[in-house]
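Consider the single chain below, provided in structure tokens and representing the form predicted alone.
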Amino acid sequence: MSEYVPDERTVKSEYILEVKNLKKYFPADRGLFGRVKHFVHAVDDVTFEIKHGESLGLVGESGCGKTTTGKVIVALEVPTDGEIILDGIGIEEYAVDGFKEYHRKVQMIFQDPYESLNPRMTVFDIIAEPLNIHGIGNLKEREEKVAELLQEVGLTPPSSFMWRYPHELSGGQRQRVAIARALVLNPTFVVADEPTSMLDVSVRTGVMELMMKLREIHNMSYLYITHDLAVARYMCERIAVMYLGKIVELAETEELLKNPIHPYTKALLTAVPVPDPEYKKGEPDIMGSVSKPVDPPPRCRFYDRCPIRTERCAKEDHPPLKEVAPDHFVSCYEVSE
């Protein structure tokens, strides 16, 4: 099969992905003449980098902007502002060919395998569709490629799965098909949006181990989106904690879990269940519920729920990420100075 060959613009960088001051706002409502009156600040001034071969976990409670960040990175949503740089090349340069080249390098594994697969297409059609779109290989070569990927993701023998429809597969098998579809173009970067959260506990570990194995085989990097810190610990070298559109803490995985600094990170860790019926946990040191993301005030996003807030937190803009320890960044006036 003819493989994808990068064009002359490809420039190797220290990072496979750089996200700089990324913003994504959605209109909340419209007034007279369709003028937008309010905006949902889904992603608001987010910055991070991912090295070649690295997996970065993006964690936080539902509605904090994790999935929107992933969709903007894979060009399923248009950013309001900010930069996305893939291997040294800005995403705007890929827009010239309608992002076809970009989507050869960047793919996404969606959360729900019951919704992300077309029920009218066979497994072969689902996995081979990207090859059809990009004009790679003939029919025989595509069948060989699909069979090879089915073998890699553990759906064996491939001939017994290739012509089935999604409704004939279990949840774990569907997600393996979704992973195969994401890998068929040999991408260098994959956004994994909670790929195990819809699966039975009994098959989650198998899918996670598969993703780790494929990452090594294909030399890929991951942005792994999850609300489960245990999964992030297993899958990722670093973790970024997100709250209401902002990254509030970023560090190496073990450093963040052993030495959480931001009060929100501490609350997340306190909420993690302990498999011991006799262990008594305290309540997370956090107040109220998630604030509304519609036109939030410029102050710290965590102010309304923070147990250590001060007048400064209310008067000044949201604090920037500051390095408080080697490669450990925190967005909080009270703990970073």
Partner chain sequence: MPVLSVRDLVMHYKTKMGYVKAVDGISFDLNAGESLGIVGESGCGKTSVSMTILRLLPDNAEFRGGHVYFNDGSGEVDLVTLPEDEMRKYRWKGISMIFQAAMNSLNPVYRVGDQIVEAILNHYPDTTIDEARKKVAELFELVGLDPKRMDQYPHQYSGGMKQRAVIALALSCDPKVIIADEPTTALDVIVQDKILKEMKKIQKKLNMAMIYISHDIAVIAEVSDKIAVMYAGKFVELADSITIFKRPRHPYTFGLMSSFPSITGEKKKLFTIPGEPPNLLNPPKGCRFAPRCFNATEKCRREDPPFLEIEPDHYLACWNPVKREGEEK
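Definition used throughout: the rigid core is the maximal C-alpha set that superposes within 1.5 Å between two forms. The structure displayed is predicted, hence computed values, not measured ones. Numbering follows the first chain given and starts at 1.
This protein has a second form, the form predicted together with the partner chain, left out of what is shown; the following refers to that one.
- Listed stretches are 101-109, 124-132, 86-94, 206-214; the contact stretch with the partner chain in the predicted complex is 206-214, by a heavy atom cutoff of 4.5 Å.
- In the predicted complex, no heavy atom of N118 sits within 4.5 Å of the partner chain.
- Taking the partner from elsewhere, E141 is found to have every heavy atom lying beyond 4.5 Å of the partner chain in the predicted complex.
- Although the partner is absent from this view, G57 stays clear of the partner chain in the predicted complex, with no non-hydrogen atom inside 4.5 angstroms.
- The partner chain in the predicted complex is not approached by V36, whose heavy atoms all lie more than 4.5 angstroms from it.
- Checked against the partner chain in the predicted complex, the residues P307, P284, P297, G53 give one hit for a heavy atom within 4.5 Å, which is P284.
- Note on the partner interface in the predicted complex: the residue among A147, L185, A75, M198 having a heavy atom within 4.5 angstroms of the partner chain is M198.
- Along 167-181, a non-hydrogen atom within 4.5 Å of the partner chain in the predicted complex is carried by E168, S170, G171, G172, Q173, R176, in order along the sequence.
- F189 shows a C-alpha shift below 2 Å between this form and the one not shown [criterion: core-superposed Cα displacement of 2 Å].
- Core-aligned CA deviation for Y114 between this form and the one not shown: 2 Å or greater.
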